Ligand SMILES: Cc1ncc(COP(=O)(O)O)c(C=O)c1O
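Just the one chain here, the form predicted on its own, laid out as structure tokens.
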Amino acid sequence: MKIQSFKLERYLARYEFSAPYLMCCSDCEPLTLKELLALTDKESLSLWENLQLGYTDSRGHHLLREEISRLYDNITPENLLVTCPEEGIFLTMNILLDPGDHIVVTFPGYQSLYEIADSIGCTVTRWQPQEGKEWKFDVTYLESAIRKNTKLLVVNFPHNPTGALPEREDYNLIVKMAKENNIFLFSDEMYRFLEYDERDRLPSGAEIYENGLSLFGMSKTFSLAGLRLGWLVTRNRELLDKLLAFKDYTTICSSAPSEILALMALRARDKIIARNLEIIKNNLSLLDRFFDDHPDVFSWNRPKAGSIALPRLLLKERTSLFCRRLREEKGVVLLPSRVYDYGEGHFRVGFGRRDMSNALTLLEDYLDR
């Protein structure tokens, strides 16, 4: 497979572990091992202390799959495959797609969601949102984009990087189009449970469509990106068997410590989610005030969920130049939209970390200069 460089990951690799302030991170404030163990029940702690560091079940630890299944309606542990999140995308695309197939994907987005299909030899239609007070994906456009050879519809809600979240009525229409056209639905749900209003939460794609696949994991909502652990959910057992067989050529099985640590976190999920939403909402208030103070510099399209957003820069200079100068002069890293192949007008801001106030002060100083 010939595949393009992953622009976002290459960008972050240069600055993520050297810059003083990361104002672009997509995840929430990482948990320390001490913090996680303090939340742990006795059974999980016993599993941790007596853990054998050998190979694990390719499907995932049975207790972990049981706990994951509790996040969903109409889903059992037998509908689950534990993977690395990025691996879940790679497995799905390679199992479902052939050269000449057509896919539709929400865009901008995580590069794997369209780049792997492109490298396979598929035709990719990028479904872009309308920019207004909120970002919105127009369902009527999706209807016109579907072709006779459309094999896969890829959606990402809550959306990375805009924080967009469709209304339930629009989401139901999206799923209905997939069903009526016999299209597989791949639903990237890495920011699920980080809706600012719980009433906005959408059902998982795998819950409501037999040919739906849902991707979720520990990286964003649960503050454990370092575990490198996620999962695929589908009620299509034939497809799940194919994914499991393909996994033999990638990771084979998951890390034993990561599985038990993930189990601990999922059993304490209510506390972790509440912690992260508190951080997010506090930072959103800071961002609201900041962007209100600078209406001539930025356009702020407030997200509805997640820990990231995509403001527009109203200055004449390119966002890549703006971000570079800010990083060099103040040590604050923002993510220019060009790393999403989305032009030079926007930048990604991450607000799931506790040091947002300090980073905003430095950005304010930079604007004053």
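Numbering starts at 1 and runs along the sequence shown. None of these values were measured; they are calculated from a predicted model.
Omitted from view is the form predicted together with the ligand, to which the following refers.
Asks: With a cut-off of 4.5 Å between heavy atoms, is E115 one of the residues that contacts the ligand in the predicted bound form?
Replies: No, E115 is distant from the partner.
Asks: State yes or no: in the predicted bound form, is some non-hydrogen atom of P85 no more than 4.5 angstroms from a non-hydrogen atom of the ligand?
Replies: Result yes; P85 sits at the interface with the ligand in the predicted bound form.
Asks: State yes or no: in the predicted bound form, is some non-hydrogen atom of S258 no more than 4.5 angstroms from a non-hydrogen atom of the ligand?
Replies: Answer no; every heavy atom of S258 is more than 4.5 Å from the ligand in the predicted bound form.
Asks: Would you check, heavy atoms only and a 4.5 Å threshold, whether N160 touches the ligand in the predicted bound form?
Replies: Flag for N160 set to yes.
Asks: Let me know the one among W127, W135, Y110, F290 whose heavy atoms come within 4.5 Å of the ligand in the predicted bound form, would you?
Replies: So the residue touching the ligand in the predicted bound form, by this definition, is Y110.
Asks: Let me know the one among K242, H294, R228, R275 whose heavy atoms come within 4.5 Å of the ligand in the predicted bound form, would you?
Replies: Spelling it out, the residue with a heavy atom inside the cut-off is R228.
Asks: Contact check in the predicted bound form: C28, T221 and L266 versus the ligand, with a cutoff of 4.5 Å between any heavy atoms. Do all three pass?
Replies: No, the whole trio is out of contact, none within 4.5 Å by any heavy atom.
Asks: Looking at heavy atoms inside 4.5 Å, which stretch does the ligand contact in the predicted bound form, given the options 137-145, 182-190, 90-98, 74-82?
Replies: So the stretch in question is 182-190.
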